[in-house]
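Read the single chain below, which is given as C-alpha cells and is the form predicted alone.
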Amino acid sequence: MKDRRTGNNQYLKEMNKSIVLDLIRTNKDMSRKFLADRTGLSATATGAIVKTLLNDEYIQEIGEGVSSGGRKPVILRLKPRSYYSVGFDIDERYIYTVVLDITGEVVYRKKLETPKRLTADETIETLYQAYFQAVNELVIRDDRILGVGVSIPGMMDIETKRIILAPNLGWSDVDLLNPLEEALDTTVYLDNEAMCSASCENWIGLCRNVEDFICINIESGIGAGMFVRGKIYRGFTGSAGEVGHISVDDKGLVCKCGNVGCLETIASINGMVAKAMRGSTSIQNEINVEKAFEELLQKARRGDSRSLEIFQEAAESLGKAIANLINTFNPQKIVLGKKFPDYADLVLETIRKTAQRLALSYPSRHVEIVSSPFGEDSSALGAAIIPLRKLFGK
C-alpha cells in the first residue's frame, strides 16, 4: 500500500518550489536568505530548493547584492531562454502563435491567415504544423517545453474541456484537447479567448496589481474575461463572460446564437462591417471582413458621416453593456482589447460617457475604462501564459 505521507511530502516539495520560483519572478533582488525569510522555510530547505532550480536551469545566479552585514548575498533571477511556453489563438480568419520564455518575454510570434473557417480536424493539423515550425525555428528541446495553451472563441465545459459552442467557428460539442495532446505529444490547456486575454493583462499587462477587472475582446465576436478578488471568474458551468450576447436592441438583427439584438450584431467587427455593407456600395468584399473593416475605419478617419455613425452606434451599445457590468461586478478596471485599440481614439470617450451616464454613479466613478496595449496578440499571449501560471503555482 502506498504511503500517503510520501505523496503529501512530494506535494509540499513541489508547492514550495513553485512558491520560491514565483518570489524570484516577482522580486528583483532575491537571495537565499530573503527567500527563507519570505517563505518561512529553513535555510537548509531553501538552499536545497534553490540548488535544484539552479541544476534544472530554471534560475541563475547573476552576481552579488549589497551586504547588510557579513557576506554579500548572491542574487537569483529566472534564467532567460531556458524553458518555453507556446500559445495559440484560434479566430474565425486567423491563427495566432506566440512563444514565451520562462521570464514572459515573447521570443516568437506569427499570424497565419486561414482561407476559410476551419473544422476541428483542420485546426488540429494547422496547429500541429505551426507548433513544430516554431519549435524547430527556435531549436527548443522537448523537455524545455512547459506546455501549450490554446485560446478558443466560445464556451467550454469546465470539467471535460469539450467545446460546447463556438458559433463564429461553426463548432459545437467538439473535443479538441485530447486529439491535440496526442498530435503534439505535450500537455495542452484550453481556455476561452477572453479569459486568456484577461490572464495576459493580469500577468504582464495593465492589471498586474488589480484584483477586480474585466477584459472585453472585440473581434469577429465579443467576449469578456473576468477576475474577481484576484481569481478568474468562470461561473457555475464555465460560460461566464459571454457579454457579446447581452441584448442591447430589442428590434435588432438576429444573432448567430439565435437571440435578437445581441451586442455582437452591433459592436463586433463583423457587426460593424455588415452594417456598412448594407448601407454602402463602396464596401463590397463580404468575404474579407478585415479588409472591409480597414476600409470602413479609413473612411471614418476621413470624416465620412455614415462610417462615423457606425462606430458611434457600436460605442454606445458597448457603453450600455459596460454599464450593466459596472453595476453587476463593480470592477476597478475594464480593458478593451483585440481589435479595439485600432480604433480606440474614435470611440473610447463615447464608451466612457455612455457607461458613466447609465451606470450607478458610485461604482462608475471608481472604474477605469482603458484600451489594451496588446491588440490582437492578447489571447495568444494569455494562452501561452497558462503553462507559466501552472509552473509558478498560480
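Under this definition, the rigid core comprises the largest set of C-alpha atoms superposing within 1.5 Å between the forms. Predicted model, so just to flag it, every value in this text is computed and none were measured. For every residue, the number given is its place in the sequence shown, counted from 1.
The form predicted together with another copy of the chain is left out here; the points below concern that form.
- For the candidate set 347, 336, 59, 325, a heavy atom within 4.5 Å of another copy of the chain in the predicted bound form is found for exactly one residue, namely 325.
- With the partner omitted here, the residue from 126, 288, 259, 119 that has a non-hydrogen atom within 4.5 angstroms of another copy of the chain in the predicted bound form is 259.
- From the list 106-114, 178-186, 223-231, 133-141, the contact stretch for another copy of the chain in the predicted bound form under a 4.5 Å heavy atom rule is 223-231.
- The closest heavy atom approach of residue 312 to another copy of the chain in the predicted bound form falls outside 4.5 Å.
- A residue is said to contact a partner when one of its heavy atoms sits within 4.5 Å of a partner heavy atom; residue 303 fails this definition for another copy of the chain in the predicted bound form, lying far away.
- Residue 358 belongs to the set of residues with a heavy atom inside 4.5 Å of another copy of the chain in the predicted bound form.
- Contact annotation for residue 33: none of its heavy atoms lies within 4.5 Å of another copy of the chain in the predicted bound form.
- Relative to another copy of the chain in the predicted bound form, residues 44, 47 and 205 are all farther than 4.5 Å at every heavy atom.
- Residues of 318-339 that come within 4.5 Å of another copy of the chain in the predicted bound form, judged by any heavy atom, are 320, 324, 325, 327, 328, 329, 330, 331, 332 in sequence order.
- The Cα shift for residue 170 between the shown form and the other one, taken after rigid core superposition, is smaller than 2 angstroms.
- Annotation for residue 136: C-alpha shift under 2 angstroms between the shown form and the other one, rigid core superposed.
- Once you line up the core between the shown form and the other one, the Cα of residue 366 ends up 2 Å or more from where it was.
- Compared with the form shown here, the Cα atoms of residue 164 and residue 247 sit 3 Å or more farther apart in the predicted bound form.
- The pair residue 250 and residue 153 is at least 3 angstroms farther apart at the CA level in the predicted bound form than in the present model.
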